[in-house]
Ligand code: F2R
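This document opens with one chain alone, in structure tokens, the form predicted on its own.
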């Protein structure tokens, strides 16, 4: 079915995905604090607010602001926004800080991104963690979501797997937002198949997504063990598991976030990715959506992204 997606609808979908991403990021980061246990969340014992968000949210906010300003990714402008807004205390990795410092001091982003990891470029999960709102914005076109995700990734991630991780997440979020508009829920295997179809079959992220489809219906711990939980902080060991969680629990934001917390690993990032995709489908509040008390507990987002365009 072909339909027209108006700018205000796109922005609403992207902001809902950003809400889900930022709450997942902020809540997930609380479980790096000594003494916090996943059992607490399962029992309904939430960490005391405010829940501070990390680099995942800070960069996702720049992506949403870029879309709100120009409806597309301008790589030069986005790279500079990432660099100028980078607050290292938010948890940026050393490699990201170095790339963004180079951009901030005048190095062209293609050169800065390609310099990471001795010229290999980064295959980290940073491009994937920030991109779900972009996918939701493009609810009418997974092709466009993939193209724009690639553009948003390349400013910091020159490695093909780092880019593939962003494409996979964006396509999943696009499909989730489209399903919300259509009033249905995608069958998990079909969602994962559609994501895999947007990726290079020779890539590790593609292979991981295919493997995730074979694990549907299995316990979450088994899926995390087979696919990775982000402990290596790469797209390859982060994205397949997060897509397994999102496909399995697309209708239930709190349950999806709990699975990420219980799986351990790079919890703020896995919860950010899953939260962004799932919230693109569920929205905020209501049955299965981002709980309002969780949203209230999350540290407020920057004014430059929350102010209507």
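Positions refer to the first chain, counted from 1. As the structure is a prediction and not an experimental result, all values here were calculated from the model.
Same protein, other form: the form predicted in complex with this ligand, not shown, and the subject of what follows.
In summary, the region of this chain contacting this ligand in the predicted complex, judged by heavy atoms within 4.5 Å and restricted to 147-155, 85-93, 169-177, 187-195, corresponds to 85-93. Of the heavy atoms in residue 206, none are within 4.5 Å of this ligand in the predicted complex. Shown alone here, residue 233 lies within 4.5 Å of this ligand in the predicted complex, counting heavy atoms only.
A residue is said to contact a partner when one of its heavy atoms sits within 4.5 Å of a partner heavy atom; residue 123 meets this definition for this ligand in the predicted complex. Remark: residue 134 does not count among the residues lining this ligand in the predicted complex, judged by a heavy atom distance of 4.5 Å or less. Annotation for 250-273: interface residues with this ligand in the predicted complex are 266, 268, 269 [heavy atom within 4.5 Å].
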